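Shown here is one chain on its own, the form predicted alone, set out as structure tokens.
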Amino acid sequence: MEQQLHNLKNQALAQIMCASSKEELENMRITYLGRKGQINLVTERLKNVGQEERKVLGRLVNDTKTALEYALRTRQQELHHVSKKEWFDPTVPGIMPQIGHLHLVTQAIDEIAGIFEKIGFVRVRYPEVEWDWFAFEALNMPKDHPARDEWETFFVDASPSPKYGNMVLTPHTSSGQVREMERVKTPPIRMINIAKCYRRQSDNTHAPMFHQFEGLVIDEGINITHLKGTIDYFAKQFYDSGRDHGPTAVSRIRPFHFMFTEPSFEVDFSCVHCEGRGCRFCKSGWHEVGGAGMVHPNVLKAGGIDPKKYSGFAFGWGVERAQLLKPGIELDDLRTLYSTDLRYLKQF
């Protein structure tokens, strides 16, 4: 009987593998595993054998059933795939999976980095958690300066450094200026630093966490014309790229006061929506994007650079604020960029 079971198993498996339709498989299931199938006929004969032999044959019967059931399922799946291939048309376009994309702010950061890299700027990155010395002291800010107040800056609850003072969340990428001077030691320096910044501000043009890009150029003979030329270059590359007509974006600088530059300027770009005429996005035809100026001699000294030999310019602008001016964006609230609404994010 043991040999009979082996032969029955091999015979059934061979027939299942050769089956060409689901109907054939169903007939084989009935023939071998049905209530009156051949496996059950063998099982009924087990009562006529001895107890020890019955145990061995019982296990063999169960193994045979399991093997046949598995073979039937496998062959049924194979026939299912074959039947699907029979009607498949390879010229029919496939259903493309959903593919994500970079966030709008990340897109802007990549574009900004690429624009400045074309004119020799090297991108660097410095800590988001910074010391008071690099964020304020080295930038010529006195201890009573309003920016060093807890209502403006996020202070970290940590032990102060004997050398560098309190720990803060960096309020501006300008904190990387002295770090870059210390790293390079001897000019020329042509740096672009793009990083997260933190300030206790929140309105339609400010957020507690935002991104800035900081430019720093130091060399012999650097003056305001180099600064203005760099600003104009960026405006035309960032705002006129891909537009049908020629360059229209222009910049202007207005006298201002920053502790770490002298002279200092506020930088405005003409509105790309109305091209300077005035509209609901700009009101006056201009958008303020950030500050700029010639690096203060005290800052050069803090970075170990001789201000009598070298001069430089610096600028620091908000990535989000600059991005709001891009053609096609048309947002009047910076905070919308950090919306979790996919209906908005998918547009970009």
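Residue numbers here begin at 1 and follow the sequence given. Being a predicted model, the structure only gives us computed values, none of them experimental.
Absent from the display: the form predicted in complex with 3,4-dihydroxyphenylalanine (DAH). The rest refers to it.
**Report entry** Contact residue in the model of the complex, from T230, S251, T261, N193 (heavy atom within 4.5 Å of 3,4-dihydroxyphenylalanine (DAH))
**Finding:** The residue from T230, S251, T261, N193 that makes the contact is T261.
Query - Heavy atom of each of Q177, G293 and G316 within 4.5 Å of 3,4-dihydroxyphenylalanine (DAH) in the model of the complex - result: Heavy-atom distance to 3,4-dihydroxyphenylalanine (DAH) in the model of the complex: all three under 4.5 Å.
Query raised in the report: Do R75 and 3,4-dihydroxyphenylalanine (DAH) share at least one heavy atom pair within 4.5 Å in the model of the complex?
Result: No, R75 sits far enough from 3,4-dihydroxyphenylalanine (DAH) in the model of the complex that none of its heavy atoms falls within 4.5 Å.
Requested in this report: Classify Q212 as contacting or not contacting 3,4-dihydroxyphenylalanine (DAH) in the model of the complex by the rule of any non-hydrogen atom within 4.5 angstroms, answering yes or no.
Outcome: Result yes; Q212 sits at the interface with 3,4-dihydroxyphenylalanine (DAH) in the model of the complex.
Report task. Examine R199 and determine whether its closest non-hydrogen atom to 3,4-dihydroxyphenylalanine (DAH) in the model of the complex is within 4.5 angstroms. Result -> Looking in the model of the complex, residue contacts with 3,4-dihydroxyphenylalanine (DAH) include R199, since a heavy atom lies within 4.5 Å.
Query - Candidate stretches 93-101, 114-122, 232-240, 168-176 - the one whose heavy atoms come within 4.5 Å of 3,4-dihydroxyphenylalanine (DAH) in the model of the complex - result: Going through the listed ranges, the match is 168-176.
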